[in-house]
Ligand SMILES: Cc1cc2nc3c(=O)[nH]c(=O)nc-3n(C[C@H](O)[C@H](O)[C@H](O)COP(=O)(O)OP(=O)(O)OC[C@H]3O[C@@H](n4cnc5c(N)ncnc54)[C@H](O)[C@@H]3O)c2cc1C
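Here we start with a single chain on its own, the form predicted alone, put down as structure tokens.
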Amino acid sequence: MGKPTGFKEFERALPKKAPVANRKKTYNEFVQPYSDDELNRQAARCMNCGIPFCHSGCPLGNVIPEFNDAVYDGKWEDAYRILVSTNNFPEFTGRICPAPCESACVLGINRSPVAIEEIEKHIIEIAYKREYVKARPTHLKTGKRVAVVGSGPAGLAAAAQLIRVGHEVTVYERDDKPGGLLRYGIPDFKLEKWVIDRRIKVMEEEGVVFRCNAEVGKNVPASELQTYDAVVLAGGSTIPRNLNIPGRELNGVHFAMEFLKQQNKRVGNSAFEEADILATGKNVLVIGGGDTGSDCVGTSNRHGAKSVTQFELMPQPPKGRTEAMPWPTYPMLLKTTTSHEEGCERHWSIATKEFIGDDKGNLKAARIVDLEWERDSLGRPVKFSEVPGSEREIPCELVTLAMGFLHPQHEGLLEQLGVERDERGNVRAQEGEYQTSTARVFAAGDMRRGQSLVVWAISEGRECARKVDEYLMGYSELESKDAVFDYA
């Protein structure tokens, strides 16, 4: 490593953020870059650990110690080449990944782990500034045509890989702009959309064709896909988990994605037909404690909500690892996001029993109850019961349901293609093979594996592309994430 003693000399430090009062006024990103010296110090913390478990913690198998070493030595083009040898979109993962690589960092056993995610983000941004990131269209053409349905991270990764080896690639996207979850699920204050547009431009210059406002199975017949040599289904897990309790039909109760997508369209000056969903001046209740719920908190604060409260059915997670989550597994720990920092009342072990409305059908309150959890021998919650006498009402005029997603949309595309589904309602395709029950049709990302992380979607898109290439050509020059290869 560039500085073998760096992990002993320097402490983990994350970039500074704009003050809360300032960042709540805009939808812009607010994390400031490292100084050159600080970036060098953070890269120096990567230790010569012998077996870098960060590789296995990362679903993409990123070659992390090597790019940290290149950053320390100021070898920016080397750092960029190492990074993109396994990750098509580090500008996305460097902003929104929960960094399972850091949970697996050997230094994290007894100290703060290396700031891998931030280093990754700095490498790609420096690479763009130095014009290392360029379209590299291949001159070898196979004559094979591939359709990719869905332009989220899995679809984009599959398209980016397939165009590299000379196939013609067309990406179908039902929304007005490509990006899927990246564009219309993640708020701009976490991922500004020019970051997506910049990457889409590179992909178009390489030959990828994007067809937007094209929902296959609806305004584009699924039969059109028969004209392609192979099809990749990467439509995501889009059906949200509902809360079927009395009062669900009241005005003011919405799925989180209805709320978030509309705001992203508002920021991006894209039209939408639905009535405005605004938190301005309202008591907001966010049901669900994950990242989507956190995004609703941050968006509500920017709307100027009167108050923001977040409920979670599960008990409060621990602040540190327990016996049930040993290193280097990804631990389910208490996470306080930048949105929580901006203002939010958080409560755990709460169930919502009823939404209460006024005589005009508008939401005015929620009836809730405290829960008591039984735990197993490792301290994991396994069963709950209501706490007697804890039932009460809280005022709220807007509720966002952020309780996760069940499976992809079945009607339309999937039904017309006739692909088999598993017991959870996802497209059935074996991991590592990605072939569905329908000839020539493959599946990747959340549509196949269920709701997951952006980094997993990119990984599946890449791996699926390799299997498609093998299917079309009999072999593939695309790298497997398990392969050892020359990244330089």
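Small disclaimer: the values here were computed from a predicted structure and weren't measured. Throughout, we count residues from 1 along the sequence that is shown.
Beyond what is shown, the protein has a form predicted together with this ligand; the following relates to that form.
Candidate site formed by Ser151, Leu181 and Leu260: every one of these residues places a non-hydrogen atom within 4.5 angstroms of this ligand in the predicted bound form. Shown alone, this chain has one stretch from 362-370, 94-102, 74-82, 310-318 that lies within 4.5 Å of this ligand in the predicted bound form by heavy atoms: 94-102.
This ligand in the predicted bound form comes within 4.5 Å of no heavy atom belonging to Ile126. Contact between Ile356 and this ligand in the predicted bound form is not found at the 4.5 Å heavy atom cutoff. Proximity of Glu463 to this ligand in the predicted bound form falls outside the 4.5 Å heavy atom cutoff.
Remark: Gly236 counts among the residues lining this ligand in the predicted bound form, judged by a heavy atom distance of 4.5 Å or less. Of the residues given (Phe272, Phe405, Trp348, Tyr330), Phe405 alone sits with a heavy atom within 4.5 Å of this ligand in the predicted bound form. Contact with this ligand in the predicted bound form, judged by any heavy atom within 4.5 Å, is made by just one of His254, His410, Lys193, Lys190: Lys190. Residues of 268-306 placing a heavy atom within 4.5 Å of this ligand in the predicted bound form, in sequence order: Asp291, Thr292, Asp295.
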